[in-house]
Ligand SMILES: O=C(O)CCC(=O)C(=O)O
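Single chain ahead, by itself, as structure tokens, in the form predicted on its own.
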Amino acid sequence: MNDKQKQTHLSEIGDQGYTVVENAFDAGLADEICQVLANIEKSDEIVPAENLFEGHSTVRIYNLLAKHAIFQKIAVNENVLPIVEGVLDAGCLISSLSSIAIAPGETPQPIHADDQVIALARPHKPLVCNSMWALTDFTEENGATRLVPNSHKLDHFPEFGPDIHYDSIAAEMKRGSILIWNGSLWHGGGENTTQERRIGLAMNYCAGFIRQQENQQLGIPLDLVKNFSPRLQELCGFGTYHDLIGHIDKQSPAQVLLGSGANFSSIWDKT
């Protein structure tokens, strides 16, 4: 992705709250990920959570970085991460990485904002930037993510409930595309009226100074993290934010827990 393309996507996120990166990954990778997910779902006996938010006919698999090496390349994708860093900053973290497979017959997910559990007045600077990878085509009929454009600029959250309606549009996109949005944008999974699953990856990020949705430091075995690239280790929270937040006795988590990483010098040492 060149700088002009990046700026176009950032402008769209700033203006309307979201953007779509087309042809961001190939069909071969989509097929491979779908097969890996199918294997995990079977081996771990994963079933729908059966609640209003997660759905009654939707299979979600969490903590994917701990489950298969293929997901390591998702978080550092060259067509997504530069945009996320532009919305947040280079100190951003992986908040969560999960799959969402909406099965036939699933009803619409209530409209919500991904940052509405954060107790700050709205609107505010972006604290969350999330992405949805289309592993299958996303259509209005099969449950494509529904968006309320410009809602990231509002001064309130949507009211959450099954019978509450907000005007929204379907983020239709071809397999291999990636939807990226400001975490304040109102959105929700769509209704699947087809006979096939709509499968996506929710690759979510947050600012480096707030708590991640999934606890990456405790959820991923350290022996596995040691094999991650240095950038992926940082994204999982084994670095520090602005050379201060997250240190352990004036060392980076990578130094203490992984025996790797550059020598830590705090922001106060540098002043």
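Note that the coordinates shown come from a computational prediction; the quantities given were computed from them, not determined experimentally. Position 1 is the first residue in the sequence shown; the rest follow in order.
Although it is not shown, the form predicted together with the named molecule is what the next lines describe.
| in the model of the complex, segment of 79-87, 149-157, 162-170, 105-113 with a heavy atom within 4.5 Å of the named molecule | That would be 105-113.
| query | Applying a 4.5 Å heavy atom distance criterion, does Pro126 contact the named molecule in the model of the complex? | reply | No.
| query | Just to confirm, Phe53 within 4.5 Å of the named molecule in the model of the complex by heavy atoms? | reply | Flag for Phe53 set to yes.
| request: Spell out, yes or no, whether the shortest heavy atom distance between Ile74 and the named molecule in the model of the complex is within 4.5 Å. | output: Ile74: no, not in contact with the named molecule in the model of the complex.
| said: Just checking whether Gly188 would be counted as a contact of the named molecule in the model of the complex - the rule being heavy atoms within 4.5 angstroms. | reply: Because a heavy atom of Gly188 falls inside 4.5 Å of the named molecule in the model of the complex, the answer is yes.
| in the model of the complex, the one of Leu135, Leu97, Leu93, Met132 near the named molecule [non-hydrogen atom within 4.5 angstroms] | None of the others qualify; the residue that does is Met132.
| query | Of these, His68, Arg231, Arg60, Lys226, which has a heavy atom no more than 4.5 Å from the named molecule in the model of the complex? | reply | Checking each option against the named molecule in the model of the complex, the one that comes within 4.5 Å is Arg60.
| task | Sequence order please: the residues of 15-41 with a heavy atom within 4.5 Å of the named molecule in the model of the complex. | result | Heavy-atom contacts within 4.5 Å come from no residue here.
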